[in-house]
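Take a look at this single chain in structure tokens; it is the form predicted on its own.
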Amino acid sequence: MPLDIDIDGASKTFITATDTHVHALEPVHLKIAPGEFLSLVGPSGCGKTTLLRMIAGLLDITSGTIRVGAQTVTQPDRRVSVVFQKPTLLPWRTILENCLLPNLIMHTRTPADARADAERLLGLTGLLAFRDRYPAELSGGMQQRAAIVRALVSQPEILLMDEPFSALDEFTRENLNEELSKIQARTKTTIVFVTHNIGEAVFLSHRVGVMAPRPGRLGALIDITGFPAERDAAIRKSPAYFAKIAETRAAFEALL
């Protein structure tokens, strides 16, 4: 069952080796509904990844609180999976073995159930025929698809994604956007997605959070309405898509 996220005044200040205080993120107030796809866009240094890591429990919160479901975030939560910029697959394990690794560690499901779900998701992402291959035998895009499958096999109630497609070519990136939209529409997983790409954010999301730097802050929220739950390439040619890109860009420019 998907969970909500309640960010109540969460901020982050880093202290350097010279005892200098760096305000990386001003207090953020944001509620993310169960099953929502929210993207965070903005330039480097605006706190997107900092906020994502705070939600994941990978980074301490300086002030305020973040709640996942009924639980306040103080450490990593097995209900939350993270997909990073690089696939981080284990090179000595096959694609299927990599996908089953979280369940091997956490034992949240029976091995048979986990394998059946992994093979279903590999089929959905076009990787079933490659399940016995090793990561080095796959392209970068295929490896990233496998990393997404690995994150989903544990049936997370929240999926956090930190620029997972940034290193891919545009065609592969667009194909993976469509696959991710399909998966999210069917699983109803709550997703927070970090990207620099406004078009990608508009294509994928129910809402887009626009962030600005110096210090990092959430300046605007854009509702993305009028698109089907499972989004396809035709949307990228629609006037509504370009209108939302323009609206999001204008919101960002107003924050500078």
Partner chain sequence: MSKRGNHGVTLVFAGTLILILAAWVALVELEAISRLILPAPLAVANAFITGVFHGVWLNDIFVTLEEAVLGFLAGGIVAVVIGAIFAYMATLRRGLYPFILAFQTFPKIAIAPLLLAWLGYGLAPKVIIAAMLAFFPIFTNTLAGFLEVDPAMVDLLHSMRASPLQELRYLRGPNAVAFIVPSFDVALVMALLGAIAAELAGAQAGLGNVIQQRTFLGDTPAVYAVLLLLALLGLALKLLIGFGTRRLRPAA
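Keep in mind that what you see is a predicted model, and the values were worked out from it rather than measured. Numbering follows the first chain given and starts at 1.
The next section is about a form of this same protein that is not shown, the form predicted in complex with the partner chain.
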item: Candidate stretches 122 to 130, 178 to 186, 109 to 117, 92 to 100, one within 4.5 Å of the partner chain in the predicted complex by heavy atom; value: 92 to 100
item: Partner contact for Glu174 in the predicted complex: the partner chain, 4.5 angstroms, heavy atom; value: no
item: Distance check, Asp77 to the partner chain in the predicted complex, heavy atom within 4.5 Å; value: yes
item: 4.5 angstroms heavy atom contact with the partner chain in the predicted complex for Thr72; value: no
item: Contact flag, Val82 vs the partner chain in the predicted complex, heavy atom cut 4.5 Å; value: yes
item: Selected contact from Arg53, Arg67, Arg207, His196, since only one has a non-hydrogen atom within 4.5 angstroms of the partner chain in the predicted complex; value: Arg53
item: 4.5 Å heavy atom contact with the partner chain in the predicted complex for all of Thr88, Leu104 and Arg150; value: yes
